[in-house]
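Here you get one chain, nothing else, as structure tokens; it is the form predicted on its own.
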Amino acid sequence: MEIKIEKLSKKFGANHVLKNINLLIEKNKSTIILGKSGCGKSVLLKIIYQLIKNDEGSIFYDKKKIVDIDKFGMLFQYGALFDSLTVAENIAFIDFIDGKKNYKNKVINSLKEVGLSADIYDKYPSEISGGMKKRVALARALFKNPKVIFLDEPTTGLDPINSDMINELIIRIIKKKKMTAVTITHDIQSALKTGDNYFFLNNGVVEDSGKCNLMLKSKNKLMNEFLLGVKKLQNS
């Protein structure tokens, strides 16, 4: 699915969070949204997902303004699993709350897609590791076979080994399923590894954009200040 955003703006009271945003999320590509905390990237993601409404501007999904949100999947920051539900119930949450019970095989297949075995099917989130929780959350995002997957800080809270594992899964799944991916992240290494295109937001404005493999060669001053700040934070 291609997603085109034109002249999009959003305010919360007097706070102008997004200002005249124009960007193109290419079909079957991985797009990275970068920026400091509070720059508006999470709000942008929620507007694209139609969790909140924009004040001005338009969003076109394959050139149409109306979209079936069942075509979307979301990996929330920190996973956002329900502690009172089993791994299977979390993954098949949509079917579970609708009272459907014939989701076992689909859940097991979803677990396999993210490198997990059926052994954790009946376990609760408290009984599995942090890396497993993130992969279970990814399996839940993929359960509906979405056309677009949104990834909110997918490597947050993970050690380097599990971060790399999640990055490899994202790359493989996008290619295998021919999906469009939209990721917001502070993890520059993850962005370089998993992304095709990037947009850098600063104070609600797109300040820079380009190919991820050329990100470190950006001539934009604000982008370079952001990259330097992230590098210092990682080395501190």
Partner chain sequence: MQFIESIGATTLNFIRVIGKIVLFIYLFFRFIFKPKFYFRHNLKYFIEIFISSIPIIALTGIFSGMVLALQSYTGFSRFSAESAIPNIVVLTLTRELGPVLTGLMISARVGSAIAAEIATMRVTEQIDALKTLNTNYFNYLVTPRVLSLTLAMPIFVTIVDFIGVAGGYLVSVYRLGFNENMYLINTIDFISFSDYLSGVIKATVFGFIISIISCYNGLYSKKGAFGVGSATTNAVVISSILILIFNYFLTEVFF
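Positions refer to the first chain, counted from 1. For clarity, every value in this text was computed on a predicted model and none was experimentally measured.
Separately, the form predicted in complex with the partner chain exists; it is not shown, and the next lines address it.
Colleague: Test of understanding: in the predicted complex, would Phe76 fall inside 4.5 Å of the partner chain by heavy atoms?
Modeller: Yes.
Colleague: Check whether Gly99 has any heavy atom within 4.5 Å of a heavy atom of the partner chain in the predicted complex, and answer yes or no.
Modeller: Output for Gly99 is yes: heavy atoms within 4.5 Å of the partner chain.
Colleague: Hey, in the predicted complex, is Arg140 touching the partner chain, heavy atoms inside 4.5 Å?
Modeller: Yes.
Colleague: Considering only heavy atoms, tell me if Leu192 and the partner chain come within 4.5 Å of each other in the predicted complex.
Modeller: Judged by the heavy-atom cut-off of 4.5 Å, Leu192 is well away from the partner chain in the predicted complex.
Colleague: With the partner chain left out here, work out from 184-192, 168-176, 46-54, 205-213 which stretch has heavy atoms within 4.5 Å of it in the predicted complex.
Modeller: It is the stretch 46-54.
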